[in-house]
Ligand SMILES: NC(=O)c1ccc[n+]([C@@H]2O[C@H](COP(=O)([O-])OP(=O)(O)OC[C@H]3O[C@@H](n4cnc5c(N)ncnc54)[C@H](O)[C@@H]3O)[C@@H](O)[C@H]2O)c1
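Only one chain is included here, represented as structure tokens and corresponding to the form predicted alone.
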């Protein structure tokens, strides 16, 4: 894709860290920042802080502050709008629904009318719901709108498996699937250690006879440990978004869990959910259907019903 042009909408904790992480990794040297709250001092400060750091980078970085219309030529846009204060005391990402539904509706038509035709990566919660509506509003080619979804939840799962077994997370295949929320599931039949299934590993090595429910719960609720301690999450989700940007930039064809549209895969249609997908320069290029057990399929369908209920709830914020 050559020199990647990146836009970031929302410059709060997450958006600012997305900017810094992508710049630090050299994934882009051309940014446009848009803040919907019109908090000019905050956006100016974030821009200045990163530009001050460029003396210590091996590359130049150009950062502009602009409007939604200035995003028309971006290759990738990261949507990071949110109201982090709405999460306090809730332990549910649904508490941001009203704010974020209103936020994306303030700019979606303008972005569509600008002619933007790149990839949009959504972080804003509830991720599966907001990603679905952004895809509907923007009407971009299939796969061009995706959410971080269970990508970070999967990372939380893998490092817990690493901590329990001593095997590097880079040698572990495992996924969190479904809702980026409290209903997500771990398909344990698909967990393997460089090709050795968890079931086979557990037959001969007690390290692999861990409490699966505790590991799954830790991955599911891990984000709240971070949030309840400092009232935001920033580093890990920014790196999740940056990883997706890297995959798109270099057309890596990596299989990674994201929130994407299901059109018959896993027997589900009409919603976005976290599933492993092949990602490249065109965004989601293929949903990967894992051979889940019957029990896992039932849990996944139940999770999808929860997402549908959340979509129905979100409709009251349409205008």
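Numbering follows the first chain given and starts at 1. Note that the structure is a prediction, hence the values are computed from the model and not measured.
The same protein also exists as the form predicted in complex with this ligand; that form is not shown, yet it is the one meant from here on.
Choose one stretch from 118 to 126, 166 to 174, 198 to 206, 242 to 250: the one whose residues place a heavy atom within 4.5 angstroms of this ligand in the predicted bound form. Only one stretch passes the 4.5 Å heavy-atom test: 118 to 126.
Run the contact test on 99, 148 and 233 with a 4.5 Å heavy atom cut-off to this ligand in the predicted bound form and return yes or no. Heavy-atom distance to this ligand in the predicted bound form: all three under 4.5 Å.
Check each of 161, 219, 80, 71 and return the one that places a heavy atom within 4.5 angstroms of this ligand in the predicted bound form. For this set of options, the contacting one is 80.
Would residue 39 sit within 4.5 Å of this ligand in the predicted bound form, counting heavy atoms only? The answer is yes: residue 39 has a heavy atom within 4.5 Å of this ligand.
Decide whether residue 183 counts as a contact residue for this ligand in the predicted bound form under a heavy atom distance cut-off of 4.5 Å. Although this ligand is absent here, residue 183 would stay clear of it in the predicted bound form, with no heavy atoms inside 4.5 Å.
Indicate whether residue 35 is a 4.5 Å heavy atom neighbour of this ligand in the predicted bound form. Contact with this ligand, yes.
How about residue 106: is it within 4.5 Å of this ligand in the predicted bound form, going by heavy atoms? Residue-level check for residue 106: yes, a contact with this ligand.
Partner contacts in the predicted bound form for 183 to 218 (non-hydrogen atom within 4.5 angstroms of this ligand): Contacting residues: none.
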